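Before any questions on binding or motion, here is one chain by itself as structure tokens, the form predicted on its own.
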Amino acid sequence: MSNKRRLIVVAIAFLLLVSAFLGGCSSSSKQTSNSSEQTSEKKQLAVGIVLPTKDEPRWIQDETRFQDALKNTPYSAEILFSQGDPAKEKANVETLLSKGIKVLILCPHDANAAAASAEAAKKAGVKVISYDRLILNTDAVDYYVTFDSVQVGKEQGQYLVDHATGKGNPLYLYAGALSDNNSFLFFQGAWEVLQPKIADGTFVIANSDKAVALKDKKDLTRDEMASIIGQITTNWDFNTAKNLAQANLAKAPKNLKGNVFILAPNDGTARSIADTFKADPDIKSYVITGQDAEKPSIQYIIDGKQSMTVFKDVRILVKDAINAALTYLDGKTPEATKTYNNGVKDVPSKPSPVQVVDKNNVKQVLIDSGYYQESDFTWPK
């Protein structure tokens, strides 16, 4: 064979080898792609989650953690936000039901209005988990995932009591929304602790004549709480909280200013209220509560602008909600240690623990646990 012909044969053989190699890679790539598609297809949309709003850091945190919690399960979830609108909330639930979900995790904006959504889910054979806030006046709620909301209020009230000395300390009361059952539970817990100290003169209520009229009664009915909350509601809105605080201070005589104590229901409203009180020249100092351990409020605590927050580890609550959902998907019933009456039935629950955070333990509780990074905040030098 001539050298020329030998070179041609070698070249053809080389091209055939390359072609075979590329074909194999293409086949492998196809197999990988098909495998990936099959893995994706195996992830069944089984859980629908409806949260109140994207406008508060708390719910954005929940969204991220819900997504993370389902990563190593055979199920996926779709998360929708209602933006404080009961009609949108209902539409969100209907959208999820149309997609064939098996479990609905719903944090209601309006606890009563959400009953219709829960009932639609029950009619579709879907298990309903009321998340963080209890859906009221329906038997369609299967389980309630919550922190111990009464204990949250007790911790807030106790913090104010522990930092008060003498008699006649001005006490400003603020609460969440009347439409949110948690507002009543938080206030109930706080009132149980504060009332004896109001009755003995340690505190003087500065901004609610309804509360003053009931100052000698430790156990309030829901209607009595509603009458007080109606006067002091922030509606969980920062601007409403600010405007209410401004109106309260504008009416308050100087003897109800000076060194004051403030029951604020959550971190967002606490920051608005704190800024308002700080701007009043007749306020010498304030002790103010909060809850949720939001990043901006942790910075406020570090800076001395907010006194405390009640830390509710959202990682635990999300985990509890997903575990309950997975239990239902396995055809079983989640563990319950307590029930909450929603006006129609006693809803089973297993409340998650809460913890007080202030400047003395903020690093230990929130940084050392990995909940936040130390670099997320500016620390005093």
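Computed from a predicted model, the values in this text were never measured in an experiment. Sequential numbering from 1, following the sequence displayed.
Absent from the display: the form predicted in complex with beta-D-glucopyranose (BGC). The rest refers to it.
- For the chain shown alone, residue 186 is a contact residue for beta-D-glucopyranose (BGC) in the predicted complex, at least one non-hydrogen atom being within 4.5 angstroms.
- Using a 4.5 Å cutoff between non-hydrogen atoms, residue 155 does not count as a contact of beta-D-glucopyranose (BGC) in the predicted complex.
- beta-D-glucopyranose (BGC) is not shown here, but in the predicted complex it comes within 4.5 Å of a heavy atom of residue 56.
- Residue contact check for residue 89: none of its heavy atoms lie within 4.5 Å of beta-D-glucopyranose (BGC) in the predicted complex.
- Residue 182 is the only one of 182, 138, 248, 169 with a heavy atom lying within 4.5 Å of beta-D-glucopyranose (BGC) in the predicted complex.
- Checked against beta-D-glucopyranose (BGC) in the predicted complex, the candidates 266, 117, 82, 297 yield a single residue with a heavy atom inside 4.5 Å, and that residue is 266.
- This chain is displayed without beta-D-glucopyranose (BGC), yet in the predicted complex the stretch 125-133 from 223-231, 73-81, 125-133, 194-202 comes within 4.5 Å of it by heavy atoms.
- If you take 274-298 and check each residue for a heavy atom within 4.5 Å of beta-D-glucopyranose (BGC) in the predicted complex, you get 291, 292, in sequence order.
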